[in-house]
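This document opens with one chain alone, in structure tokens, the form predicted alone.
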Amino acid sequence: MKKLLSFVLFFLVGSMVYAGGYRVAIQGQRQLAMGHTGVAVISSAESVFFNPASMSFLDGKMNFSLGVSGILSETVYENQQYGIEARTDNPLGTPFGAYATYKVNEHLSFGLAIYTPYGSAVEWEKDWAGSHLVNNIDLKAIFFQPTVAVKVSDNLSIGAGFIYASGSVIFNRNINRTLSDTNGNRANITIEEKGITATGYTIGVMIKPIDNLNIGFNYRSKVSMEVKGGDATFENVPAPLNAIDTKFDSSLPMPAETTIGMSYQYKEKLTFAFDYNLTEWSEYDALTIKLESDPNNPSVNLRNYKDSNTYRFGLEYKATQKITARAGYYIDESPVQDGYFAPETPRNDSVGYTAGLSYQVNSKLSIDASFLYLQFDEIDNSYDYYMEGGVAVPFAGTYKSSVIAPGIGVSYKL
């Protein structure tokens, strides 16, 4: 029974980490509408997330931004060889962002950001063909980020922030492809942990080399969500196997990111922006867990991820004194290599199309709206590292995924 338990947890924890990799970037309605560019854009309090250094150049003594989006996602799995089809029935995701800045004087600014950069909810049909890999997963993470920015000169600012992260995870899968109790109910395991905490940091630089041109840089450190004493619960396991609920320790890493970009304002009404983002997924070549029942024999789960790139393009047009329109496009590469494609978070290369607008209610208040359509490339791939009885049993098929995310927010300045 110890070997069965060790294998089950070994595989599950590896699955949870990739849920963080399935990241739909939604941190700010204005910047999302511009293709999620922002490292070199000076627009609102959303800058606290994209580049804390840009706080120095915001208008007004205080700035506030609050927004929420609704994520509607679906994945369809097909295996034409065996005539199998399944689709997810994912719950509505609601990532949010709350940002505030305060300018002490011309050279010193403080800010606070509360946002959800990671989170995944995937729910497949009960006992589907890949239920030995996943039935459902729900990963949540909220970041709290106090920041400070120092304006060195009229053309240069630097900023930094401390990150405190809090999260939780629930994951369920069947133990293998066939095991059931005497009533035919599939044996499954659920692992759960709440109150996971971790820390990190972010640094940024904003340069204005000439009029109307901004160049920005932002680095966000890796944040490792350590699980200590998580719960592992078994259901429908036949009595002879004597499955006993236990505890486990592991780590849920969220990778470091580097973003550089520029923005250019043309004739006061039109602004172009470009961001390049590098996410260091290659840090996660393996994941390790320790069972409370066998702490001296940790399990190592190979993942072999690669660094991934995102290219973002944004456009803003001030149509009238009241209305500002935005649009964007981005290309997001997957960190998953062939043979490691698992249905926990079926994440392939994707393109995002964004749009939105702001309505200026008065000199202080605006209403911001955004819309994202994220289309993943259809892919034929497999997960080759599921083992039963010491033998690898690949799980292959075709995946089609898409995400729709409308959002609404407000911005206010004093």
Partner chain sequence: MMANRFALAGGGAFNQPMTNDNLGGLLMGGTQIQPTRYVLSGSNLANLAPVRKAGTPTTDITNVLSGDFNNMGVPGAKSFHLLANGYGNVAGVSVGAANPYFVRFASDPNTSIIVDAVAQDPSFFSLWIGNNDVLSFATSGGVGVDQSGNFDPSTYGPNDITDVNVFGSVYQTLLGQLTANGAKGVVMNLASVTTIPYFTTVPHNPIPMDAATATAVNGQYAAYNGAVAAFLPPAEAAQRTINFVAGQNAVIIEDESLTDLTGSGLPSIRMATANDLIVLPASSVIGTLADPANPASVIGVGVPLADQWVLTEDEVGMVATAQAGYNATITALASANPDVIMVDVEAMMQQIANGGIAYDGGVITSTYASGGGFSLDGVHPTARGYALIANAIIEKMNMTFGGTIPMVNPGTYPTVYLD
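Positions refer to the first chain, counted from 1. Given the structure is predicted, the values throughout are model-derived calculations rather than measurements.
The form predicted in complex with the partner chain exists for this protein as well; it is not shown, and the discussion that follows is about that form.
From the list 261-269, 73-81, 110-118, 312-320, the contact stretch for the partner chain in the predicted bound form under a 4.5 Å heavy atom rule is 73-81. When contacts are defined as a non-hydrogen atom within 4.5 Å, none of Met62, Pro146 and Ser221 contacts the partner chain in the predicted bound form. The partner chain in the predicted bound form is not approached by Pro91, whose heavy atoms all lie more than 4.5 angstroms from it.
Contact annotation: Leu241 falls within 4.5 Å of the partner chain in the predicted bound form, judged by heavy atom distances. Using a 4.5 angstroms threshold between heavy atoms, Glu388 counts as touching the partner chain in the predicted bound form. None of the heavy atoms of Arg87 is located within 4.5 Å of the partner chain in the predicted bound form.
Only one of Thr199, Asn183, Asn296, Ser153 lies close to the partner chain in the predicted bound form, with a heavy atom inside 4.5 Å, and it is Asn183.
Contacts of stretch 389-404 with the partner chain in the predicted bound form, defined by any heavy atom lying within 4.5 Å, are made by Val391, Ala392, Val393, listed in sequence order.
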